[in-house]
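The form predicted on its own is given below as one chain in structure tokens.
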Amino acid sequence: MENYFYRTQKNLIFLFGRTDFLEKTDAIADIEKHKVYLDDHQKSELNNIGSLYDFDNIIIADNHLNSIYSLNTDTAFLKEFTLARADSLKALNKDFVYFDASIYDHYGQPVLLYIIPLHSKKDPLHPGGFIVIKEHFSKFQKILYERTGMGTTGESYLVASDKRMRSVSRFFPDSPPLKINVNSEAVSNVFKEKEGGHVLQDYRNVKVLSAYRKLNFDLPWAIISEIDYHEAVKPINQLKNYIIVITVVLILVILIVTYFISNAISNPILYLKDIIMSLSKGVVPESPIKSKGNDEIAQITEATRQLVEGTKRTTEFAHQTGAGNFDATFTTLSDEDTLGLALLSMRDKIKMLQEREVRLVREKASALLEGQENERKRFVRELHDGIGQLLTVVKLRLDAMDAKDKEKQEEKQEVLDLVNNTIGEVRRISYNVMPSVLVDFGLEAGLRGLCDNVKKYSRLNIEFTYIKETDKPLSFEVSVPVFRIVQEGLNNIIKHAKATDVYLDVMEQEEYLYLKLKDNGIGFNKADVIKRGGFGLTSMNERAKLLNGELHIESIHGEGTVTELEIPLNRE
């Protein structure tokens, strides 16, 4: 708006310089005579100027503002304006002035005048007449209609110091501007030389966002731009809502991303924590541990997996050692594997203690059996040297006795038979207790004599086979227990098996002795026999263990029993 007035001002100044338009001195002389003598060229020139600058009217007036010449007949407002302003313009020494002549318009429309004083050379201080130019107010209205960015409720309007509107109201387009009284806080402020913008009530009593400023030229006008508050803040509210939505979405996205990232980081750590907690409680995880990638967590996972695998191997080794498997292999996790080294040391010590215990038990049992065998030898010697010698003497004395009658002869023979039977029984007992052939000629001779003796005193048919694949002699400490095992087996067959045929096979090799005793008896239930506390089977088994041998008895009901013995030989 101000730029328009500045351009108008320049145009008017330019107009003053055009002497071909109006010769001031001559015109004033004519005006003073209340006449204007304009030739056709000057009138045409005046019309051209009005058209060129789009003025509503150009009036040439005398020094009382009485119209002498006018481009058109719109001069009604000039009469009252003349009465009010003529005297004040007599001493006008400016090139031109603006006048708001709206209050003199009978139609209530705003009227803006540019008044140019005409001075004569005779009296340069007082104008002899005036050129009054009426401006088209629609020019300002057009400028005010340019409401770029003012939305659907915004408007810019002009208000004079009399608080009446000068431009057409957007909201009351049919009301003359001067009929609209703008008694608002914006008008009060602007004519109190206050500028700025506020939220206030406009002339419609509607809450608006108002910006106002007094125009910077001579007219007491102010320009006010207002927009309804709800529309003004609508973009702000939309932006606020948009920011809130974006913020919420961003927060959700951040929370979701944070959740997945934290899970991706924390889950492996929590998983490893559970594994370590399990290990601290002595529980070794069974499921395999897998690691992916090569980051720090994957490296920790791999280290944990190696720890678990090492713990499993250590635990398995501890189980094997606890179960008595001292031959189980174990490789320590490192040279500084304290637990592994401790387990190996413990295994070696337990193994050594167990071997010592076994050795002591064997020595104890061996000493017991040795004592028994020695007692058997002493018993046999006592029988041979004591009862045997006495019986022999008795037999010799009976043979030397002379029985003359038949009755005495028969009594003598009965006594001799009784003594012979007693001597045979003593010999049988002596053989069973400790066969001298075993002592003198070894296991094969002892077993063969045993078989012959059993066949002699029982109905069993015994087939005995002894295969010797080495020239080295078998020790007496091995021969006696093996002989006792076979002796116990034959006694069991005689007492319980009801067998007719017995097969005894022995194979003596360099490092092992194999023995198989088989019968065709009725068989027996091994579990029942052990349950009843069968002393014979227990004795056979203990003797085999003393020789580090293995004794297996397989018995089938109705088909007989097979007893197998395998003994490692240490001939050194």
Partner chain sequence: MSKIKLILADDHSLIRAGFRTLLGKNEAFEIVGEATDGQDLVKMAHNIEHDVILTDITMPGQGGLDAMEQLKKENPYFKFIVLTMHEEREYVLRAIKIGAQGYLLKNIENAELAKAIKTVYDGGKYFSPFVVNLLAENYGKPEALETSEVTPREKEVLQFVAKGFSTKQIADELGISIRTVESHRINMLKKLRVSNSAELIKKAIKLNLID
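Residue numbers count along the first chain shown, from 1. This structure is a prediction, so every number in the text was calculated from the model and none was measured. In this text, rigid core is short for the largest set of C-alphas that superpose within 1.5 Å between two forms.
Just so it is clear, the following notes concern the form predicted together with its partner chain, a form of the same protein that is not shown.
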Only hit among 152, 392, 109, 161 for heavy atom within 4.5 Å of its partner chain in the predicted bound form is 392
Ok, 401, 256, 269, 418: which has a heavy atom sitting within 4.5 Å of its partner chain in the predicted bound form? 401
Please pick out the stretch from 39 to 47, 53 to 61, 504 to 512, 523 to 531 that is in contact with its partner chain in the predicted bound form, where contact means heavy atoms within 4.5 Å. 504 to 512
Please determine whether each residue of 363, 474 and 548 possesses a non-hydrogen atom within 4.5 angstroms of its partner chain in the predicted bound form. no
At the 4.5 Å heavy atom threshold, is residue 448 in contact with its partner chain in the predicted bound form? yes
Tell me, yes or no, whether residue 71 is in contact with its partner chain in the predicted bound form, where a contact means a heavy atom of each within 4.5 Å. no
Taking any heavy atom pair closer than or equal to 4.5 Å as contact, tell me whether residue 381 reaches its partner chain in the predicted bound form. yes
Residue 557 within 4.5 Å of its partner chain in the predicted bound form, heavy atoms: no
Stretch 422 to 461 - residues with a heavy atom within 4.5 Å of its partner chain in the predicted bound form: 423, 427, 431, 436, 437, 440, 441, 445, 448, 452, 456
Using a rigid core superposition, assess whether residue 47 undergoes a CA shift of 2 Å or more between the shown form and the other one. no
Does the C-alpha of residue 188 move 2 Å or more between the shown form and the other one once the rigid core is lined up? no
After the core is overlaid between the shown form and the other one, has the C-alpha of residue 392 moved by 2 angstroms or more? yes
